[in-house]
Every structure is written in structure tokens, then in C-alpha cells.
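First comes one chain, alone, set out as C-alpha cells in the form predicted on its own.
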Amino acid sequence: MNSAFLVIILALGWAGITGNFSGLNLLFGGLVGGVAILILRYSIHQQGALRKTAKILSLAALFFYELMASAIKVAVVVMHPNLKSALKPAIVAVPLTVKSDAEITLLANMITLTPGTLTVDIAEDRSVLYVHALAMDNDTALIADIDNGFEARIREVFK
């Protein structure tokens, strides 16, 4: 991507965020964008840096989607007329395919931050993550959701 084009995009983004498309504000946005490109020029021109950024944004989008969907599911459970029948708490052993401390920590935090689930513990050999679920219907579905969702995206980011 051409640096001048990127400066123009950053200037327009700046103007959009501030809500002021005056010439002086566009010039200031271009100046800030140019300085940012000069500072980050080595990491931007690294091969694969944009792909890695796209993978990180994909993981963030999945997290926010799961955050909203889980919040709605928990709200439905809590507002159920017979709360005792709606609650089906369980602790599930989720086998891990991620191995590094950073990957496991990110996965555990994303699970904990999602309403209705909580990371309880990790096995000593770091092969299993124990997750508490508020309303468990099917433990294999929860394991598959974590493996095909958060864990798969985390593996992509840390490749």
C-alpha cells in the first residue's frame, strides 16, 4: 500500500472521528497520520503485518459477537420465570490445542469475560482448561464452540 494513500485514509479517518472536515483539520489529520507512518514504517512494511492485523481484528470481532450473544443468552436465562429449571451449571474439561502461556491466558480471559462462562482452572500439564458454564445443555457443543471459535482464531493470530 502506498504511504501517501495511507496518509489520506488516516486523515479522512481523523476527520470522521472528530466530525470536522475543515481543511485545517484534514491537514492536521494528515500530519498525525504521516508521523504515525514514519514511526511504524518498519512494522507496516514487514511481510504479513497487514494479514496479522486482519487476523487480530477477526479475533476481536468474534469476541465482541460472542460477548453480545452470550449477554443475550444470560439475560434470557435470568429472566426465565422458573430460574431453577433454566440454570444448569456445570464444569467442563476443555482440551487445549494452544500451548504457549500467552495463548492459554488469552483464551482463558476471553472465556471468563464472556457472560455465562468462567475459566476455573488449568491442568498441571496445560492440556485441559476447566470452564464453568451457567446453563449447560451439551458439553460437547461447548467444547466444539470454544475449539472452533476462540481457540482457532487464537491459533491463527499466534502462528
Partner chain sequence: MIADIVLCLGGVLLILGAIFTLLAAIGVIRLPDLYTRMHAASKAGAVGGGLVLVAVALISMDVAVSVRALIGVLFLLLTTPVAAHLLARASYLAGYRADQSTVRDDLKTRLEQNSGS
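By rigid core we mean the largest C-alpha set that fits within 1.5 Å across both forms. Positions refer to the first chain, counted from 1. On a predicted model such as this, the values are computed, not experimentally measured, just so you know.
The same protein also exists as the form predicted in complex with the partner chain; that form is not shown, yet it is the one meant from here on.
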*Is it true that V7, N25 and L38 each have at least one non-hydrogen atom within 4.5 Å of the partner chain in the predicted complex?*
no
_Contact label in the predicted complex: I17 to the partner chain, heavy atom within 4.5 Å_ = yes
_Distance check, Y65 to the partner chain in the predicted complex, heavy atom within 4.5 Å_ = no
*Is K55 close to the partner chain in the predicted complex, meaning a heavy atom pair under 4.5 Å apart or at it?*
no
*Partner contact for G116 in the predicted complex: the partner chain, 4.5 angstroms, heavy atom*: yes
*Could you list which residues of 121-140 come within 4.5 Å of the partner chain in the predicted complex, counting heavy atoms only?*
D121, I122, A123, E124, Y130, H132, A133, L134, M136, D139
*Just checking, between this form and the one not shown and with the core aligned, does I146 shift 2 Å or more at the CA?*
no
*asked:* If the two forms are fitted on the core, does L67 show a Cα displacement reaching 2 angstroms between this form and the one not shown?
replied: no
*asked:* Could you check, with the core superposed, whether the Cα atom of T114 shifts 2 Å or more between this form and the one not shown?
replied: yes
